[in-house]
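To begin, one chain is listed below as structure tokens, in the form predicted on its own.
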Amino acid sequence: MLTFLARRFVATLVVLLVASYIVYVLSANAGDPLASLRESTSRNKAELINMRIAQLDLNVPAPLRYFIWLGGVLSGFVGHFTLGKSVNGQNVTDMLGSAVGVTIQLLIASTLLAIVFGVLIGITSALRQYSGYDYTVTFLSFLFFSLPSFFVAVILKAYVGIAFNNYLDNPQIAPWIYVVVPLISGLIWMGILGGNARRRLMIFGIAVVATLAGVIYIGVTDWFDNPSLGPIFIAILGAALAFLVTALTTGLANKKSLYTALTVVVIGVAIYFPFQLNRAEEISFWPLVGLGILAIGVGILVGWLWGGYDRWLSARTGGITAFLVGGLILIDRFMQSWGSYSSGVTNGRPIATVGSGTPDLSSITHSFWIQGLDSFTHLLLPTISLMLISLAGYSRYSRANLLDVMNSDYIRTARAKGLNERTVVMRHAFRNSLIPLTTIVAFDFGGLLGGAIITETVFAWSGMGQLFNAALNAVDVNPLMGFFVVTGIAAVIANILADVAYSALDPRIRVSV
């Protein structure tokens, strides 16, 4: 492993050096960074021009100026790292410090969601090949894949952000919602789960009734004004997650794992009440992470105590279920602060359409929950915009990969040995189908950075996209090179992680050779 990482580091270093040299020379010759000063009518125009020339070393030819810039980068090994200054005299490292966090936060959220939902949709459509569900998913995937990112961003901003904020002024559920939404839900679940006609009809009926009950509950309780899950819904959703996790990890025939998951749900509902008693607003992120790790540990312990023919199977099921149930409790706690955030911070328009955060929010409130809601509402639309574009491709790749794997000889052998379909799909086909998708995700990460430039412009985020656009328009080479350094390193790290993931997905692959 260490040998492999060392080789990759050396090769990556050479690639970055050559690429950075080319980008620097092309950027330096793309325009005149003194153009704005040459057009100035200021009396001290000459002095300003000379100051900028000295500041940016513009009297040195671009191919040689690159090595001055590289010297500032390499001086980081002795504690004096610098990426130079912009045309306005700002340190590029300071500019990147405020922009990188915003963009990486957006990219991580959109990438993770796109992978999870894309793989889920791809697998379900592959298992229901040539069904109505498969055709519908295929149509929607190609539709989103063909749409430009700026168009999706503008549509979301107009019809999800602005329109939903207007709806929240008087959140009344129209009569047709009680009919259309349950029917759509029934069709979706019937398409996903499939089966014979009787099974499909039963799934359709259960989904329609459950969705209708949820819509009625939302309408009766004014849920949009004061949203919450409550212990009853957490128990219902937790039980559903317990059955789902058990079915995917060990199969419902493993009673010990099922009992483990249901026990974890009971413990989660019991913990819900004392957790609600703690209204302390001074809670922070890391203590919350600690509670999450503790919850996973409790789930693993419960699985170990329940035992079974393989204790670790039950422990794994308990840990995953505990993590999901803890997430439901956390979501409910955030929901309880929605009223204060919506009316007190956003004046009734909580879905943000511009900016990456509410200005001066820390001076308004120090509540961890309200600050978390503010981050969520500002991330919502840009994340969905980037996610939809990537999700379309991931769902197509995962569907094609799974169909290819399912036709392999070792899958037919696994079925001939008498393994059930869950084991065949989850343990044999699913892992191998993820190997090509891992490569796509690694290469797509750089493409997402390019998409984030457009998305950040539409939603007025002060991230890497805004920095890149401003530097490009001003022919400001140093910020452009700062953007290149960050994106280049991020793309390289993504590819190295993909190589490491290959060996985790397929034991036959070794990264040390």
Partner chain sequence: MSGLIPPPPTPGGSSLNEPVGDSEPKVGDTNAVTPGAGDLEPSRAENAIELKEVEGLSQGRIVVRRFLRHRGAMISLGLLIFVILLAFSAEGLDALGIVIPGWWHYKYTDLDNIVNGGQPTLSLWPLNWGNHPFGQDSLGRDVFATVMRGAQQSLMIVFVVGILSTVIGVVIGSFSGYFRGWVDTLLMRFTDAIIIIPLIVLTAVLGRTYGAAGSFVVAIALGLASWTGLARLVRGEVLALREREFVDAARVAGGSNFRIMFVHILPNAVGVVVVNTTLLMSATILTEAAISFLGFGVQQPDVSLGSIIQLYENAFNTRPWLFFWPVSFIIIIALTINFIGDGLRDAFDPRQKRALNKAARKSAAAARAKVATR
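All values reported here derive from a predicted model rather than from experimental measurement. Numbering follows the first chain given and starts at 1.
Omitted here: the form predicted in complex with the partner chain. The next part is about that form.
- Although the partner is absent from the chain shown here, none of V100, I104 and W461 has a heavy atom within 4.5 Å of the partner chain in the predicted bound form.
- Screening 327-335, 145-153, 311-319, 114-122 for residues having heavy atoms within 4.5 Å of the partner chain in the predicted bound form returns a single hit, 145-153.
- In the predicted bound form, the partner chain sits within 4.5 Å of a heavy atom belonging to Y130.
- Interface residue remark: V500 is not counted as part of the site for the partner chain in the predicted bound form, having no heavy atom within 4.5 Å.
- Proximity of W304 to the partner chain in the predicted bound form: non-hydrogen atoms within 4.5 Å are absent; the residue sits far from the partner.
- The closest heavy atom approach of L472 to the partner chain in the predicted bound form falls within 4.5 Å.
- Only one of Y178, F275, F443, F164 comes within 4.5 Å of the partner chain in the predicted bound form through a heavy atom, and that residue is F443.
- This chain is displayed alone, yet in the predicted bound form one of V60, L26, I49, L70 has a heavy atom within 4.5 Å of the partner chain; that residue is L26.
- Residues F483, F484, T487, G488, A491 are the ones in 477-491 with at least one heavy atom within 4.5 Å of the partner chain in the predicted bound form, listed in sequence order.
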